[in-house]
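The form predicted on its own is given below as one chain in structure tokens.
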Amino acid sequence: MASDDESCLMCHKMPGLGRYAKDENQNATKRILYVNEALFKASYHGRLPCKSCHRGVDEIPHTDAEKVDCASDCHIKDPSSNSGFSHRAIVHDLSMSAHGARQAKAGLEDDLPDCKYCHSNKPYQRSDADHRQSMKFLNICLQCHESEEWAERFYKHISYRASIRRSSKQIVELCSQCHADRVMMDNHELDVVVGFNDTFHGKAIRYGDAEVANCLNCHAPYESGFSPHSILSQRQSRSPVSGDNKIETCRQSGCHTGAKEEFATSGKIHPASFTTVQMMRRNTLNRPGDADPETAFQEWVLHMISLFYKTLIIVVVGGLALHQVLDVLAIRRERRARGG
């Protein structure tokens, strides 16, 4: 017998359980339906019944199963209001954001990230130091709350929400999966972001600086009332990276607090370097006229610099090799002359 109340694991506990389905290109792919009970119970949603999220699974096989809707009411209560809990407000913010379906061009809705693109139902991760700290606070909690299981889970939830869940490097990598894709950005009439890793912020993140600003610090600053779910296009006046708002975003506490107006208006935020422009050049070789005039000029200048240094290297190294060959021939000629 399965240990879960709904007996879902009677089938889903079997490793390898899955079904084949065709994707948009009519290729058969297997969707894995196996659930690791231990990992699920330790995860964020481990206390929820399966049917809280999976609707239409009353019959076997689940032919009428509905797609999971994160805006639906859960079978748990919001402890602050004693009403049904839901992510509805967050889903609404996402729908109104730059990543929401309302902003997508017809036929390109699948390009937009959904909840699962950024969030996974992974177990709480704790280091040994975190565990010792949690036990210290749990002993305080248990002076009033009798259930140790409840207190531990509540503490893990609170400490997790108050901590940084993704490093700056992981955030940049996540955002770059779409925003560094030139084809996808062209489809949505957006600029491809290829120069961030060459900026001061990008290099500092690459070498492990945890304090430097990442994508979310500028595009979704909490101090300005934004969150990762409510990112706005820079074309919208309320966006923290739009027009006059840029300087206020740069002046956030801990950042460039004394910055003047020119700080946010001089130059590009994501300037293209030699490496990134060369990458853009390779992506547009078969697409003549696709690059904007400024990018085309940068490409030409960098191509000429590259050509100059390549020519210089060939001349210097080739001249050195020719000098050595001539020197060897001269020595041999002198030896023959002395021997004769």
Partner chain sequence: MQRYPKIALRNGKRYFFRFSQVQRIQHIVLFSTVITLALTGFPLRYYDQPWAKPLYEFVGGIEIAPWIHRITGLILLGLFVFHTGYWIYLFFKNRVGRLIREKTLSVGNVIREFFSMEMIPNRKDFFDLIDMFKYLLYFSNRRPHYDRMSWKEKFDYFAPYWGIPILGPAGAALWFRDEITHYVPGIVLNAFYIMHTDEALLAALFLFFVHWYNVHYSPEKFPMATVFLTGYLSEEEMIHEHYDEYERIMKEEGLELEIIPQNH
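Positions refer to the first chain, counted from 1. Since the structure is predicted, the reported quantities are computational estimates derived from the model, not experimental observations.
This protein has a second form, the form predicted together with its partner chain, left out of what is shown; the following refers to that one.
For the three marked residues, 8, 150 and 154, no heavy atom of any sits within 4.5 Å of its partner chain in the predicted bound form.
In the predicted bound form, its partner chain sits within 4.5 Å of a heavy atom of residue 197. When contacts are judged by a 4.5 Å heavy atom cut-off, residue 43 does not count as touching its partner chain in the predicted bound form. Not displayed here, its partner chain is approached by residue 255 to within 4.5 Å at the level of heavy atoms in the predicted bound form.
Put simply, residue 316 is close to its partner chain in the predicted bound form: some heavy atom of it is within 4.5 Å.
Shown alone, this chain has one stretch from 43 to 51, 27 to 35, 59 to 67, 306 to 314 that lies within 4.5 Å of its partner chain in the predicted bound form by heavy atoms: 306 to 314. Only one of the listed residues (166, 87, 238, 260) places a non-hydrogen atom within 4.5 angstroms of its partner chain in the predicted bound form, and that residue is 260. In the predicted bound form, the residues of 207 to 225 lying within 4.5 Å of its partner chain by at least one heavy atom are, in order, 207, 208, 209. Inter-residue distance, residue 304 to residue 183 (Cα): increased by at least 3 Å in the predicted bound form versus the depicted form.
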